[in-house]
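Before any questions on how it binds or moves, here is one chain, the form predicted alone, in structure tokens.
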Amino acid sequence: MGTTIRKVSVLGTGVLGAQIAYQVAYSGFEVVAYDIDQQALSTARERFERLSHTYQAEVPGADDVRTSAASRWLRLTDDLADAAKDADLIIEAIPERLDLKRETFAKLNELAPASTIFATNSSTLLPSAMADSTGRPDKFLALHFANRVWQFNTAEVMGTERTDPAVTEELTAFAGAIGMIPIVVHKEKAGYVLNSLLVPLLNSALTLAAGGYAGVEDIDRTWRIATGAPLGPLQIYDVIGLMTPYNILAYGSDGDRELAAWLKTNYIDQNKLGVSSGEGFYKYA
């Protein structure tokens, strides 16, 4: 496989965390998926079942045999010590709150072997903001995946000034071994490459919708027609899930917090969370 990593734990089984765990298992690695309680794990099992069908429909070569194998490689737990005990690599994909991430990494440092590499999938936070909490800054970096990992298969690898270059090389090899195209970010940048390009677009679309400047469908139609893109920005929001942008905006500037409040009142409080709940900016079967 080109990597010494064999056992991987993924913390968080939300939309992207579940995709990461399933993709790693599908690629033949032993995976433990962790979440905070049995209710969250029950939801995760449903996500993994849906992913099995999605892979069979959309991934070349996927069939019952390969997706069944992925299920056998994938184990769920709500015990953090269990998730950490044998891991070669732990990928954190929990909500975008710096305090929560720092607290989680501090716990992991006590529970995981000294050799375990820690990675954050944070889409906006810099790994240097968490590095000291890990207790192993030389073995810590960001490994950021795009939503729909089986289709938009980039993995951004971004270390800090304290990350051992050998760890960066190891994670780059690991990304390739799980079917991703590694994108090495040479120095820290909030938003990495993907979100440095994407987030301004999404926030501009949200500002237009929240301000009543144009309707949701017209905002998306304008982008699709003018650029040839397959999805409009508000459709992309639905795919991502509205909780992630809400959590990011809620801790941002005054303008960001106003957008978060609008999103909460008009969508989140009505359980319009995106594709995963059946409705967001659009309705889904």
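Everything numeric in this text was worked out from a predicted model, so none of it was measured. In case it trips you up, residue 1 is the first one in the sequence shown, and so on.
What comes next is about the form predicted in complex with a small molecule, which does not appear here.
Within this chain, Phe145 lines the site of the small molecule in the model of the complex, having a heavy atom no more than 4.5 Å away. Proximity of Gly17 to the small molecule in the model of the complex: non-hydrogen atoms within 4.5 Å are present. At least one heavy atom of Glu96 is located within 4.5 Å of the small molecule in the model of the complex. Using a 4.5 angstroms threshold between heavy atoms, Ser9 stays clear of the small molecule in the model of the complex. With the small molecule omitted here, the record of contacts in the model of the complex names 145-153 of 110-118, 145-153, 197-205, 159-167, defined by a heavy atom within 4.5 Å.
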